[in-house]
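Let's start with one chain on its own, the form predicted on its own, as structure tokens.
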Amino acid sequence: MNDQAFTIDDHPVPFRRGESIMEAALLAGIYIPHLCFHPLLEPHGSCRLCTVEVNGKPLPACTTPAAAGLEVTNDTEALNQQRRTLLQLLFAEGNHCCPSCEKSGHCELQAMGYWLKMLDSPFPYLFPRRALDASHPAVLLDRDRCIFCERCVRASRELDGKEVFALAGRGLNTRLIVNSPSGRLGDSDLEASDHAARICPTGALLVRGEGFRTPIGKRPFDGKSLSETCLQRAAALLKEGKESER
């Protein structure tokens, strides 16, 4: 191993200075499960699905810097069982009716369930009744499907320069709020072309009129696994970002 590499499950992974374990892994074609991470955003570390063992210590891959000589364990039944438990909690804490959701086949949460072979949940479903916001002419906000990954919050701030979204409350009272005089999405400056409107991993934010343009069976996760699709997307975005920094 050279001084610019570490291992994931005994496979050597090269990295550049400043990259996280997650970034280096994706560029090397190694999938680490994740939901809150997105290549265009600063790492957040909230979903904890990307937890790996680094020299025997559990750490989030998205916020842990890559370093020479690290020994990272990723694909084990113990780690995947922890990820299944986290995923089961996410499904239990929201209202995710996949068969009737227009994001089906595009949804990363749904695809993660298939990838981790999640068949059911031992946790009681809470069936929260969160406010639906249909006030925007081009974007629907269904808070029942929000998993509080803050992708839209970060995208609005970091990419769109608008700060349309934020999280408020704690625990079971956590909710996604809109930065507008009325608190309604229709009174915000969100546009359908904004990154924040299109970066949601679930069906919480939907651009109107686009849900069924791609028929079932031809959607991203219908024909390819979550790992294959995410690796292709993430690697392309990360490489594009690295080249633009040069």
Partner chain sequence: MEKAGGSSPEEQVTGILRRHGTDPSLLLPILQEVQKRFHRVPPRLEDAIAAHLSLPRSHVEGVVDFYHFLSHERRGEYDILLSNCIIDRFHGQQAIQQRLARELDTPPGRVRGDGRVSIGETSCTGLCDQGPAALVNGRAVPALDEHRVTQMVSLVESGVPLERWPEAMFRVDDNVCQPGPLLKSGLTPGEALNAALGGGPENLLQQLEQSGLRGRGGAGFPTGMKWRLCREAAGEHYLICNADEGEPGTFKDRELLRLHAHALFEGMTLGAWITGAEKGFLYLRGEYRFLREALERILDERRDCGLLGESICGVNGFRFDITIRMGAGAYICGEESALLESLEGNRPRPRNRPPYPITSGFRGKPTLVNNVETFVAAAFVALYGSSWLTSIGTDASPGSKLISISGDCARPGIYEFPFGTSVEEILEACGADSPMGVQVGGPSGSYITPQEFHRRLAFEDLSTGGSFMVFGRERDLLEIVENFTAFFAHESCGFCTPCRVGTAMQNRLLKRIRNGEETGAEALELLRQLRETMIGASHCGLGKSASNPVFDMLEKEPRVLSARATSRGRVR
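Positions refer to the first chain, counted from 1. Since this is a predicted model, take the numbers as computed values, not measurements.
We do not show the form predicted together with its partner chain, though everything after this point is about it.
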### Message
For the interface check, one of 185 to 193, 26 to 34, 58 to 66, 202 to 210 should have non-hydrogen atoms within 4.5 Å of its partner chain in the predicted complex; which one?
### Response
58 to 66
### Summary
Assert contact residue (its partner chain, in the predicted complex, non-hydrogen atom within 4.5 Å, options A155, V72, L141, L90) equals L90
### Query
Using 4.5 Å between non-hydrogen atoms, is P215 touching its partner chain in the predicted complex?
no
### Query
Would R198 show up as a contact with its partner chain in the predicted complex if we use heavy atoms at 4.5 Å?
no
### Message
Does any part of G45 reach within 4.5 Å of its partner chain in the predicted complex? Heavy atoms only, please.
### Response
yes
### Query
Is T76 one of the residues lying within 4.5 Å of its partner chain in the predicted complex, judged by heavy atom distances?
no
### Query
Looking at its partner chain in the predicted complex, which residues in 115 to 145 have at least one heavy atom within 4.5 Å of it?
P122, F123, P124, L126
